[in-house]
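Quick heads-up: it's one chain on its own, the form predicted on its own, in C-alpha cells.
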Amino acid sequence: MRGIVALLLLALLGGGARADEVTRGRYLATVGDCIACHTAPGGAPFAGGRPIATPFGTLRSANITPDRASGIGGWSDAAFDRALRAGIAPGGKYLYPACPFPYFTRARGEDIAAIHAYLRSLAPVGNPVQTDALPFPFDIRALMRGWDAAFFRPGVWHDDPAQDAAWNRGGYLVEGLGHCGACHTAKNAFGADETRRALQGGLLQGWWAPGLTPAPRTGLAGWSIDGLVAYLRTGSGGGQLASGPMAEVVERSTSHLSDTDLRAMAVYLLARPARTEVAVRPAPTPLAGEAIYLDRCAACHGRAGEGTAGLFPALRGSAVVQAPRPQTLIRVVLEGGRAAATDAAPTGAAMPGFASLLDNDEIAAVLAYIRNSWGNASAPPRPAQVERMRGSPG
C-alpha cells in the first residue's frame, strides 16, 4: 500500500518521468524474476531470507527492500549497478553467482537504474538476513576474486546487426535479465557455466532443466514459436506443462511479460544452433515397466504417451523424459507435482506422488519403459538413484 502511495505522490508532485521509470523498472524486475529468489516462504515480497541450495551449501537471499538497516535503502544507483553488473556489493563484498550477475552484466545501465527506482518505491521491510551460511572455506567471500578472474566476463549485450530486432531483443532478455542459462546450462566443479554447452540443459537443485536449443530429443526440436510463447505465457504449450521450478518462473515472471517480448525470446531460442547429438538406441526395459505404466500412468498420459493437451504432458518425444539425467522424472514420480497456475490457465493440473505405492525397483522399471518407448531413447535409471532421492530436499 505504501508503495502505491509513493507512486501517487510522485505523480502529484510532478514526478511523471520518475513514475514512468518505476513502472518500467517493475516490468524489468519481473523479467529478472527478482521476487522469486528474494521472497521467503510466507515472507514479505523482496524482503529476502529464502533458502537457496547450492552444491557448496545453502545460501539465504538478501533483503532488497529500501530498508536502510537491513535492505538496500542506503545504496546509490552506482552501488546497485556495481552489485548487479559486477558482482560487488557496497563495502567490497563479493557476491556469489547464486545472484546471477554473470548474466545481469549484459543488461544496459538504464535498465538496471529503472529496477533500482522500482525497488526504492517499495515499502521498506526490516528483515535482517544472515546470507553467509556456507561452510568453510566457501564462506570466505574473498575467494570470489579468483572465481571472477577465471569465469566472469563482464560486458553489456551488443545487438547483432546481421539479425532482426526480434532476435536481438530476445537475445538481450534470454542472455541478460532473464538469465535462462543460470538453470539451463551445465555447471563445472566450481559452479560456473560450461559455456561450450550454453543452454543445452543442466542439473539444478535436484531437477534437470532441459535444453533450450532446437536439439532433437533433449531440446526444443519440433517446437513452434507460437507453442513456446504459449508455454511461457500459460505454462502449457508444445504438449508440455511447466512444473517444478519452471512453474514458479512462469507464474511469477514469464506469464506477466508482453507478447512481443515472449515472441522475441522464442525467436532467439529457436534460432540458436543445436548441437549434433549422437544417435541413441532405445535400451531394453523390464516387462514390469510396461505393466506398471498401463496400470498407473496410461489413464492420464495415454497408452502411447501422447498426453492430454492442457492437462497432462505428453511423454512421447519429451525433452524432460529423455534428459541425460533422470532426476526430474524420479522426483515427480516420488513426490508428484503441480503445473503452473496463471491468469490465462488458472487451474494447474496435478499429479499424485507414488513414493508409498511403488518401490525403488518398480519406479526404475516404469521410468525405463517411459524413457525408451514410442521413439524415446535414454539410459534407464537405476533403483539406487531412486533410493537416493527418497526424502531428498533436492
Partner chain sequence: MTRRLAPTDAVIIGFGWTGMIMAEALTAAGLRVVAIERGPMRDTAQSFPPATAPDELRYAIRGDMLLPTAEETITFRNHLDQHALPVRKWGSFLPGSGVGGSGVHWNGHTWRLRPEDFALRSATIARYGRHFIPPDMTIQDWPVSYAELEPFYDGFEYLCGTSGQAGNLRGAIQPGGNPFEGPRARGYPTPPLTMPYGPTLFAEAAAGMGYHPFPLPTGNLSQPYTNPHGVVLGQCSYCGFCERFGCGNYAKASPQTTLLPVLTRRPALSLRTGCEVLRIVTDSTGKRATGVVYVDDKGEEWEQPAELVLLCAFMLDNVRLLLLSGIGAPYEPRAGTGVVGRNYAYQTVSAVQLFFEDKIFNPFIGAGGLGMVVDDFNGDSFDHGPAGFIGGAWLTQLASNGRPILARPTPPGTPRWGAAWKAATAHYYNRSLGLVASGSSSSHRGAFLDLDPGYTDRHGRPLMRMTFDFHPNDLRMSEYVTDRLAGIGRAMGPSRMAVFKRHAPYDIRPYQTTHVVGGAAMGAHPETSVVNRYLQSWDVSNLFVLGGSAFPQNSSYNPTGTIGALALWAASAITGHYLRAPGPLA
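Computed from a predicted model, the values in this text were never measured in an experiment. Numbering follows the first chain given and starts at 1.
This protein has a second form, the form predicted in complex with the partner chain, left out of what is shown; the following refers to that one.
In the predicted complex, none of the heavy atoms of residue 58 sits within 4.5 Å of a heavy atom of the partner chain. Residue contact with the partner chain in the predicted complex: residue 53 places no heavy atom within 4.5 Å of it. For the chain shown alone, residue 42 is not a contact residue for the partner chain in the predicted complex, no non-hydrogen atom being within 4.5 angstroms.
Proximity of residue 310 to the partner chain in the predicted complex falls within the 4.5 Å heavy atom cutoff.
Contact with the partner chain in the predicted complex, judged as any non-hydrogen atom within 4.5 angstroms, is confined among 91 to 99, 110 to 118, 295 to 303, 201 to 209 to 295 to 303.
Just one of 332, 358, 36, 341 comes within 4.5 Å of the partner chain in the predicted complex, counting any heavy atom, and that one is 341.
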